[in-house]
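What follows is one chain in structure tokens, specifically the form predicted on its own.
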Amino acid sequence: MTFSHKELNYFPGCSLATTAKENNASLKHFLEQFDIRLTEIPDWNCCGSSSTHSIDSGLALALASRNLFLAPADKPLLIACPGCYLRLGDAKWTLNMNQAKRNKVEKHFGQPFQSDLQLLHFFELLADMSHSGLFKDLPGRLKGLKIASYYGCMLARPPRLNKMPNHYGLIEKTMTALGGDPVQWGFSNTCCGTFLSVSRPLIASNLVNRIMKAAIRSGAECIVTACAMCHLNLEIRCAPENRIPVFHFSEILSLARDGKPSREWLNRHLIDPAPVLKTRWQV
């Protein structure tokens, strides 16, 4: 297979631009090692996330659609956040399937909708890179690191989007290929509480600590997340006795690529990952 995604448009979303800047930086760093160039779409806005679509469906469609109208259709639009991918994917499905809503949104933005715009999740890009053999020169870099792969619930798809791939299992497959040792545990798809961390923190704390305790019992040295929101919740709602380092998937990939943990990224973590990394790498 020939790898074709050398130039991509990019939608970072709010989390990667703020609380998860290390996720954004490590993702870009990793892709740069393979000469994959990202062009951030201009003046992008929040996708609406969980809050808006729960309260106002019209506003939710408008917020997500605006990003689709801003993105040039000449290249796929890369999205790293599972929540953003879901919201933009749902907006694209709605505009393609509902002519009345499409007409209303097109009138609002003053231009036709690009129905053939390709949305590309970061995991889909990684799968393409792996199938193209781009990871063959990176064996063993993770040196048996015991990893609990954590997807959360945001990769799940509603029935109308069931043709979109969910990518469960990709973290384990990739980590194994790079010398890591994914553990077996039963909480990889368990919800972390998402925005209940703000509105109902006790519920989120209970969910998070169940997940963290399970990761420790599994023998994992760290958790690798697929979602920036999950990463934030696992760190801020974790009790001191249940702390285990949590990495963004892009951070671990960057580490496997060049073996040089970035102190700039690590310093943003609320649970210090340095003790785990020091057993294998100089940090």
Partner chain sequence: MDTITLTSVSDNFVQAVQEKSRSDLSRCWHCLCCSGGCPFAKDMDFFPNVIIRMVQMGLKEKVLTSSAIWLCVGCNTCSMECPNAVDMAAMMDTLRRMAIEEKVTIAEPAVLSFHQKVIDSISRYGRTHKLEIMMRYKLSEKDFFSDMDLGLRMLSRRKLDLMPSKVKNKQQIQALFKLAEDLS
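Everything numeric in this text was worked out from a predicted model, so none of it was measured. Residue numbers count along the first chain shown, from 1.
The following text describes the form predicted in complex with its partner chain, which does not appear among the structures shown.
- In the predicted complex, its partner chain lies farther than 4.5 Å from every heavy atom of residue 167.
- Among heavy atoms of residue 15, some come within 4.5 Å of its partner chain in the predicted complex.
- Heavy atoms of residue 34 never reach within 4.5 Å of its partner chain in the predicted complex, leaving it off the interface.
- Of the heavy atoms in residue 200, some are within 4.5 Å of its partner chain in the predicted complex.
- You can rule out all but one of 103 to 111, 120 to 128, 142 to 150, 173 to 181: in the predicted complex, only 103 to 111 has residues with a heavy atom within 4.5 Å of its partner chain.
- When its partner chain is considered in the predicted complex, only one residue from 218, 242, 51, 39 comes within 4.5 Å through any heavy atom, namely 51.
- Of the residues given (68, 232, 256, 214), 232 alone sits with a heavy atom within 4.5 Å of its partner chain in the predicted complex.
- Annotation for 194 to 209: interface residues with its partner chain in the predicted complex are 194, 195, 196, 198, 199, 200, 203, 206, 207 [heavy atom within 4.5 Å].
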